[in-house]
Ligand SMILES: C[S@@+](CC[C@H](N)C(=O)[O-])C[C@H]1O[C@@H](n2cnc3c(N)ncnc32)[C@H](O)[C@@H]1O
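Below, in structure tokens: the form predicted on its own, a single chain.
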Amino acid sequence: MPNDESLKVDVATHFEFGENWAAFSGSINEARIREAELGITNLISTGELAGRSFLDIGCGSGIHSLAALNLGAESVTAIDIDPASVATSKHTLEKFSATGKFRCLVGSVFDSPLDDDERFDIVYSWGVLHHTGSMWEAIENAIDRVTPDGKLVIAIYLKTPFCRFWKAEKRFFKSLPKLLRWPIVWLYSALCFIRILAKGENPISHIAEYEKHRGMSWYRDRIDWLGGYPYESASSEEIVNFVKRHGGELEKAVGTTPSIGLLGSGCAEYVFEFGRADAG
């Protein structure tokens, strides 16, 4: 079993997020990009993005780096520990003719490819820092990249009674040969289908509409959830208190009501502002 330090720095100890994002990137289209833009503007306005520098920690497919540029960010820096994600992000930005300055770099929130003194107006990390192997240190390092009057935008899995189970499941899933993972994916997808039906919804319509959730893919998100190791979670109170101790004041929080977690946990989204007189 990898130790805590290797989880932080060795991409081989992580689920193959880059492969999943590369597969997803083939489905990126203008509709998905628009939904990714809406996902960002639900948290920060276009006026707050215009002319600002934007750091995307854990860039994945690059769709949100692209969305930030489309929304007027002056420059975007996209980093990811997985070279496959960085290559996919670069391809996405080039394919859709992203305007503005951008760069895609291999590196982690712990072993940064950035200069020590580089800071950004908006530091964005959606559903990433809980997969780093040391979530609280990762959040602290992300905070360190925010300009004195900038914003931190993060999404973190909400803590549920089943988090211990899911951490074990993810470690097990990651250890399996890829061929043996598929029965788990199919079983889990079937259970999610049943839950959708139990809510009185049409599963086909639900999945077809799923791209309106930040432009993501329902199927790829099932795989991402099952394999998402390393894995940590936190209550909204824990996140808010931690960032406040580091000088950030909560500006907005979305989706902070936890579920039981039987079929997984959702991400709560947070926007923190720095430099306010009442911060800290």
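Residue numbers here begin at 1 and follow the sequence given. Computed from a predicted structure; not experimentally measured.
We do not show the form predicted together with the ligand, though everything after this point is about it.
Only one segment in the set 25 to 33, 213 to 221, 248 to 256, 235 to 243 has any non-hydrogen atom within 4.5 angstroms of the ligand in the model of the complex, and it is 213 to 221. Screening Ile81, Ile122, Ala78, Ile156 for any heavy atom within 4.5 Å of the ligand in the model of the complex leaves a single hit, Ile81. Of the residues given (Phe172, Phe193, Phe165, Phe110), Phe110 alone sits with a heavy atom within 4.5 Å of the ligand in the model of the complex.
In the model of the complex, Gly227 stays away from the ligand, with no heavy atom inside 4.5 Å. Interface residue remark: Phe102 is not counted as part of the site for the ligand in the model of the complex, having no heavy atom within 4.5 Å. When the ligand is considered in the model of the complex, Phe17 lines it closely, a heavy atom lying within 4.5 Å. Interface membership of His131, defined by any non-hydrogen atom within 4.5 Å of the ligand in the model of the complex, is confirmed.
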